[in-house]
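Heads up, the chain below is alone and in the form predicted alone; it's given as structure tokens.
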Amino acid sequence: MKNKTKYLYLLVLLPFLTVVILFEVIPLIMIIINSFFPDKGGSVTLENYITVFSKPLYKKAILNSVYISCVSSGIGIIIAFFGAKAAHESSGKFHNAFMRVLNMVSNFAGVPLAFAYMIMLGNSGVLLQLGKEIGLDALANYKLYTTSGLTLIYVYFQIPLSTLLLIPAFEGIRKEWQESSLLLGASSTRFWTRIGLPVLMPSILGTISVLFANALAAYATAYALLMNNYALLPINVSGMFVGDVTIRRGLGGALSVCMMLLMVIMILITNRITKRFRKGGAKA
């Protein structure tokens, strides 16, 4: 009976496994293999990787992607912490309304988000015109089509994602802990710095790694806003496979592998820090 149930589960999982193998595993293997072969044909070589780390355009793309991913993840996680804390401490209609809005804005990304920012903060945007009318130079002269402008858009879609990921983590903060700390004379700030944040830190670090990967691989928003006029890893990778002139599978594969390695490095760093926090908590 157990064997029949086991085979039934495997049969149900078969379509999922087929999709994973066809659209994730095989393409990943092909990308890695192609990255070691020149586009014009030939034997195994590191030429594509040498090009990536020697050509200024690709080095700039890596730096821009890492910078935007780190900054947007950092700002997003800070704002999300307070948002998740507010959601955890709220109840009733306010909590339900907050969650509805959060779910709605979390799905507002990609091309529609880029167009919305163009309308509001573009060269002739509504807010820029308003800034000129009221004499607010910082708003009137805002440059959307720059690194800071792109970072602002990334922060926007990082906040709801990180908030949704952190809300369940706050369930681990028991009210009894807060009540006990208050009875012992500890302030709310002291409670969160000594108890709350250490307990939440593994979840926060895990969320940061998700946000970094999310920003690093984001393509539609950046492309809709800046097209090919900005050096960014996802845009450069896309250009290698859908270019108007020639398809460069080898160089595109090398750029893709670099992007995946950056994600793996971030995951390893956050996992290492998480282990230290857990060991520290165990010793305490």
Partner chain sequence: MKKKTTAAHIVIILIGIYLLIPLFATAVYSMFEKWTGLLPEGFSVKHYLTLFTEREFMSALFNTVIICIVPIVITILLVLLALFAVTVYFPRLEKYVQILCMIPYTIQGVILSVSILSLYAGSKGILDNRMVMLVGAYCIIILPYIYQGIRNGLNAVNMPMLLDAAEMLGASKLYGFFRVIVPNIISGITVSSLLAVGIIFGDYVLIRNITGTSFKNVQIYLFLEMKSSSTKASAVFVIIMMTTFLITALVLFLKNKEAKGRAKSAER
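Computed from a predicted structure; not experimentally measured. Note that the rigid core is defined as the largest set of C-alphas that superpose within 1.5 Å between two forms. Numbering follows the first chain given and starts at 1.
Omitted here: the form predicted together with its partner chain. The next part is about that form.
Here the marked residues 24, 27 and 227 all reach its partner chain in the predicted complex, each with a heavy atom within 4.5 angstroms. In short, of 35-43, 48-56, 214-222, 62-70 it is 214-222 that has heavy atoms within 4.5 Å of its partner chain in the predicted complex.
Contact with its partner chain in the predicted complex, judged by any heavy atom within 4.5 Å, is made by just one of 105, 186, 136, 197: 105. Within 4.5 Å of any heavy atom of its partner chain in the predicted complex lies no heavy atom of residue 193. Contact annotation: residue 20 falls within 4.5 Å of its partner chain in the predicted complex, judged by heavy atom distances. Using a 4.5 angstroms limit between non-hydrogen atoms, residue 165 is distant from its partner chain in the predicted complex. With a 4.5 Å cutoff on heavy atoms, residue 122 does not count as touching its partner chain in the predicted complex; it lies far away. Within 4.5 angstroms of its partner chain in the predicted complex, the stretch 90-104 places a non-hydrogen atom from each of 90, 94, 98, 101, 102, 103, 104, taken in sequence order.
Core-superposed comparison between this form and the one not shown: the Cα of residue 26 travels 2 Å or more.
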